[in-house]
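Quick heads-up: it's one chain on its own, the form predicted alone, in structure tokens.
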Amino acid sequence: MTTAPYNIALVGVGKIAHDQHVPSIAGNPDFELAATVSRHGSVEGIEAYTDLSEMLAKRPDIEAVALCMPPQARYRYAAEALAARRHVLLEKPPGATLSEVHDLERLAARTGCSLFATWHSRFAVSVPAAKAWLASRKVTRLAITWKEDVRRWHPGQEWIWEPGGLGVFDPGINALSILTEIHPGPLHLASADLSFPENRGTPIAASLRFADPEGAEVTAAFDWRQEGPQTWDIEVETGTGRLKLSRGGAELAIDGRTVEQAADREYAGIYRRFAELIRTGRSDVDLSPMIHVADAFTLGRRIVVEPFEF
């Protein structure tokens, strides 16, 4: 049985890896960044490979991998790492399809490895407090507004417009991960309008309506065309007060009064959780946010809008 610090390899070295994973690993005493695997990127001072198979063969001392490539390619890398008995962290969304992630979950169980399907927005500082406040209350209305500028956050990333790339659901699934964490009861999707640029294979905007067995009105509006200030808000009305999560979960207000706010620490939380899973020999594979996205593509009414170009 291995003990911390765990040697970890970062597979897929792009913007999110440099901005979030590298500093979070460096700030966590349970991990040591020991190698990277990428065809195009690297981290200064860290041993670099271009092929996962080669890295796994040459570095048996590496106990874990964090997979940060686009979701369309993630299954093959995760399956290979698990077969080599390495613990695996999956960036969100955990895969291109639900079935492939279920298969990875079975493979992790067979090999005795930890598999962690991450949802970084659940680790935003105010999400636990929002969940606790709502736990004893009856929700009457919940509205998600998640609008940002794709050119700012995904510059030139063509993969995100291809099938499996999710389009606006790439950020939208962050909101759904918070929704499925804080809402005190079950929800299922009732309808969806999906706006597809006429030259793209994934939506640029989406409007969702959920069914709540308790009768609450639950909606979500996602849009990738918002310039200027970005909006990541969840507003909740209950019989005994109002709650608002802003800045993607970094700020919480109750009845209009800010009660908590802090800087982004989401990825630090992910790596704390991953270390805990490895230590205890467990996996964490909650697919509820991804189920809502899959249902949106199943139920969604397709609306064709103007072409999109970077």
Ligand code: NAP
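One-based numbering along the sequence shown. Quick caveat: nothing in here was measured; it's all calculated off a predicted structure.
The protein also exists as the form predicted in complex with the ligand; that form is not presented, and the subsequent description refers to it.
How about residue 93: is it within 4.5 Å of the ligand in the predicted complex, going by heavy atoms? The answer is yes: residue 93 has a heavy atom within 4.5 Å of the ligand.
Residue 211: touches the ligand in the predicted complex, heavy atom cutoff 4.5 angstroms: Residue 211: no, not in contact with the ligand in the predicted complex.
In the predicted complex, residue 200 touching the ligand (heavy atom, 4.5 Å): Result no; residue 200 lies far from the ligand in the predicted complex.
Is the gap between residue 68 and the ligand in the predicted complex 4.5 Å or less for some heavy atom pair? Judged by the heavy-atom cut-off of 4.5 Å, residue 68 is in contact with the ligand in the predicted complex.
190-198, 152-160, 218-226, 124-132: which one contacts the ligand in the predicted complex at 4.5 Å, heavy atom to heavy atom? Checking each option against the 4.5 Å cut-off leaves 152-160.
Can you confirm whether 8, 32 and 111, the three residues that make up this candidate site, all sit within 4.5 Å of the ligand in the predicted complex, judged by heavy atoms? Contact check failed for every one of 8, 32 and 111.
Quick one: which residues from 23-60 get a non-hydrogen atom within 4.5 Å of the ligand in the predicted complex? Heavy-atom contacts within 4.5 Å come from 38, 39, 40, 41.
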